[in-house]
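Below, in structure tokens: the form predicted on its own, a single chain.
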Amino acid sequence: MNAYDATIWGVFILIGLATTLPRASFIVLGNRVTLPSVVQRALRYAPAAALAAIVVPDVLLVSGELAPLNPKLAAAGAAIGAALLSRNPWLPFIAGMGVLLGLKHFLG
């Protein structure tokens, strides 16, 4: 094994530890350690932040460039509006897909 191979294996091991140890700490430590209330409040927003990080670039970017006026953005607005106005879980999907497909059909 040469130095390059050893470096690559070292990086693999460090990356594995860096991802495993924080996750395992919650399992191993359990209720013995409590997070500060500020951290607990901040963690409540983690799922929404992760979802926004996935969805927003797809809605705003077209072919890798910022396109503020595009059918995906209008469909996202329709879905958000439908979600705010109704408690029906299917209505945002139907509204968003309807606007997206309608605009794509009419705009080409």
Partner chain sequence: MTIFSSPGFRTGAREGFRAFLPLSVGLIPWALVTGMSMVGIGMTPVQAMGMNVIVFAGTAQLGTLPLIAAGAPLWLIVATALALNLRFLIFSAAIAQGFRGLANGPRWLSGHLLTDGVFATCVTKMMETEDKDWRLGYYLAPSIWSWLLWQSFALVGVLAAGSIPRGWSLEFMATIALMVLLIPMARMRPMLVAAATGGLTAVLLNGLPLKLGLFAGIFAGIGAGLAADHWHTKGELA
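Numbering follows the first chain given and starts at 1. In this text, the rigid core denotes the largest set of C-alpha atoms whose superposition between the two forms falls within 1.5 Å. No experiment lies behind these values; they were computed from the predicted model shown.
A second form of this protein, the form predicted in complex with its partner chain, is not displayed here; the remarks below concern that form.
When contacts are judged by a 4.5 Å heavy atom cut-off, P68 does not count as touching its partner chain in the predicted complex.
For L107, no non-hydrogen atom is located within 4.5 Å of its partner chain in the predicted complex, even though that partner is not displayed. Using a 4.5 Å cut-off on any heavy atom, the residues of 74 to 104 that reach its partner chain in the predicted complex are, in sequence order, A75, A76, A79, I80, A83, L84, P89, W90, P92, F93, G96, M97, L100, L101, K104.
Annotation for L84: C-alpha shift under 2 angstroms between this form and the one not shown, rigid core superposed. Once the rigid core is overlaid between this form and the one not shown, L51 does not reach a Cα shift of 2 Å, moving by less than that. Fitting the two forms on the rigid core leaves the C-alpha of L69 displaced by under 2 angstroms between this form and the one not shown. In the predicted complex, the CA atoms of A18 and I54 sit closer together than in the displayed form, by at least 3 angstroms. Distance between the C-alpha atoms of A42 and S86: longer by at least 3 Å in the predicted complex than in the displayed form.
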